[in-house]
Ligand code: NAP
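Below you'll find only one chain, the form predicted on its own, shown as structure tokens.
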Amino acid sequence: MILIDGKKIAAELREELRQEVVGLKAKHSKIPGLTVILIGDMAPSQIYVRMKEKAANEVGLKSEVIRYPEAVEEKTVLDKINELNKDENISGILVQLPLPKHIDKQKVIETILPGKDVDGFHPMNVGNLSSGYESSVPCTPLGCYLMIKKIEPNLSGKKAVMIGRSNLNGKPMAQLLLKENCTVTITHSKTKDLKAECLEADIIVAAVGIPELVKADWVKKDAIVIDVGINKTENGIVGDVAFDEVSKVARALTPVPGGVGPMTIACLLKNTIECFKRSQK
């Protein structure tokens, strides 16, 4: 079984991006800039943002974090986004989710210019992805996709099953694999026989938030299994896949932690650089 080492693949991607930033600086006399807006003091969001900032600096991006207290008015945030939209030194804008209840998530996402939307959440980017046009792709599915391609460069004709139908992962993941000529099934909590669906799959992407849902007898021999889940349990952090038993049947499997997570952050940097390149055309 191949352990898909997200840390190692992300480190390789960051090095490629670092070299690309050097080239862009030489060509355009400026570097891509990423601005993150962080509202409130939720510990997981604080940790994510610190990791994003560190990774951005590592590859040579201009990185800035704007922090607001939990009680900040929605208008203040929207005004700041509009200001960043107009700033030519900012290539990418990210508002860290989740947001406080009094701030409308959809309004925030739609205020960010599609060309600066490094999360790939703006309806225009979602539509472009599903239509096969150029777009920012949400970072987690993009990371999953790049890891799958490392194991199997030719995905044409493969059967892929997504467990989970979120806008964050399941739907964009399906679009990426459809583009590769996979036959894609999106499953979810209301799917009648989830195990039977998974047993058909050459590729399983589990992103449903149920600890160790996918067992060895759900996985056909030599399937590629990507575990997006991060679940806190009495036994520590586990994914949506029962790692020990599935590792005995899968061709390749991501660990949790150390699989999808590092790739998500590396893909945020990749998206920022792609937004910069499109803005220079």
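Residue indices: 1-based, along the sequence shown. Note that the coordinates shown come from a computational prediction; the quantities given were computed from them, not determined experimentally.
Note that the form predicted in complex with the ligand isn't included here; everything after this is about it.
Comparing 110 to 118, 74 to 82, 177 to 185, 156 to 164 against the ligand in the predicted complex, the single stretch with non-hydrogen atoms within 4.5 angstroms of it is 156 to 164.
Although the partner is absent here, S189 is a contact residue: one of its heavy atoms lies within 4.5 angstroms of the ligand in the predicted complex.
Though the partner is left out of this view, G229 does reach within 4.5 Å of the ligand in the predicted complex, counting heavy atoms only. Not displayed here, the ligand is approached by L194 to within 4.5 Å at the level of heavy atoms in the predicted complex. At least one heavy atom of T264 is located within 4.5 Å of the ligand in the predicted complex. Three-residue candidate spot T140, N169 and I210; every residue lies within 4.5 angstroms of the ligand in the predicted complex by at least one non-hydrogen atom.
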